[in-house]
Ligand SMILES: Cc1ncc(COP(=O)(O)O)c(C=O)c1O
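Below sits a lone chain in structure tokens, taken as the form predicted on its own.
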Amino acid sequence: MVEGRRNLVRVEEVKHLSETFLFQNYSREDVCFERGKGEMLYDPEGNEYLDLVAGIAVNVLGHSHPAVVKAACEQAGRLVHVSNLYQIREQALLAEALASTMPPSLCRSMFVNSGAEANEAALKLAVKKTGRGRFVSARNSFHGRTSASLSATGQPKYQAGFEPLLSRSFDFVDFGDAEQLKAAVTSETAGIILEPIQGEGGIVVPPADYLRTARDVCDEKDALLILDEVQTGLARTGRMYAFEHSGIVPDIVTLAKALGGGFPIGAMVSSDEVSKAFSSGTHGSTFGGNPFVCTIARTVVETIVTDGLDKRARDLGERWISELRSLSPEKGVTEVRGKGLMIGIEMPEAAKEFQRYAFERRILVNVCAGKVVRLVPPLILSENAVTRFNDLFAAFLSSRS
């Protein structure tokens, strides 16, 4: 590293280096964070920001959670990586921990590095298991940016320019339309892939019986139901997994984001029977499931369970959604929706404006689908933080009335 570059303290310096040496494929805010604690982030000058983005639904335990810090330090001092050529104790323990949070049939895990990789693996597994080559996905969905996961993503803006790489094996239906879903599944369908709640699409919650319809039609057509719980999984919606709200059990579940609490890991979880479609050599990952990240992920899972963060997300989220709805009638807010601490505030004319307003007051929010303010904070979010956001949101709405 060039001498003198170790302690950059001005965002302008970081921005200059980024613009000089990095690919310019991200739109970044003019802020750089040096440290975090709980629900707060701090820039190099010591300014405090309330983080309601949480790394896009990743930092479920907040920043620098003591249990995660301890696990990371201890495991880094023992063993970081050995590869899947060998038995990995930490991987086996994480798989056991995940199985303990799932319905009994979902007992087999395979670990990768991201949600996109988990979805890629799930699609491959469904093809291998069924011998079929078509899938049904939903418009407005988001499943990742690798070739197959991008093909499954029902948003043309993400696919533009990459069409030669993409599969034509996906039939798209309107999310939440049960009749379209039933009509789209045929004897050639390997599986349906759905988010229980669409995240990037704008925090879109389907009708209560929608996933039940998906389960039933898969059973009827001998297809597999793949639920992408990358954003909704691990207590985000007030249950450990969002599919629990519907009382159904999928064939394959994909996880990432919250699983590592900030460290990169993804998982595909399935049944013993379905998992047998992958034999030795049919799929794999160099880094997937290494001892370091598996120890951290197990710590995250165990902390969520021990601290009852699913119930906390459910109770706090219900109250917060109710409070936001009471603040926002007829003031440019068309809907407040979500489950648990996965909340969307639809503001067609003002979402980006509010994001800037909040940022200038050191509260971090995110806008998805161009018009929805997305709140996916740490699950350890305090009541004071909710009050602070509500006061800011009310002030913004008043300024526009």
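Predicted model only: the values in this text are computed from it and were never measured. One rule holds for the numbers: they count along the sequence shown, beginning at 1.
Although it is not shown, the form predicted in complex with the ligand is what the next lines describe.
Contact annotation: Ser114 falls within 4.5 Å of the ligand in the model of the complex, judged by heavy atom distances. Taking non-hydrogen atoms only, Arg236 never approaches the ligand to within 4.5 angstroms in the model of the complex. The closest heavy atom approach of Asn290 to the ligand in the model of the complex falls outside 4.5 Å. A residue is said to contact a partner when one of its heavy atoms sits within 4.5 Å of a partner heavy atom; Asn119 meets this definition for the ligand in the model of the complex.
Proximity to the ligand in the model of the complex, defined as a heavy atom within 4.5 Å, holds among Ser137, Thr189, Gln231, Thr295 only for Gln231. Exactly one of the stretches 267 to 275, 120 to 128, 141 to 149, 89 to 97 approaches the ligand in the model of the complex with heavy atoms within 4.5 Å, and it is 141 to 149. Each of Glu195, Glu200 and Lys257 comes within 4.5 Å of the ligand in the model of the complex, counting any heavy atom.
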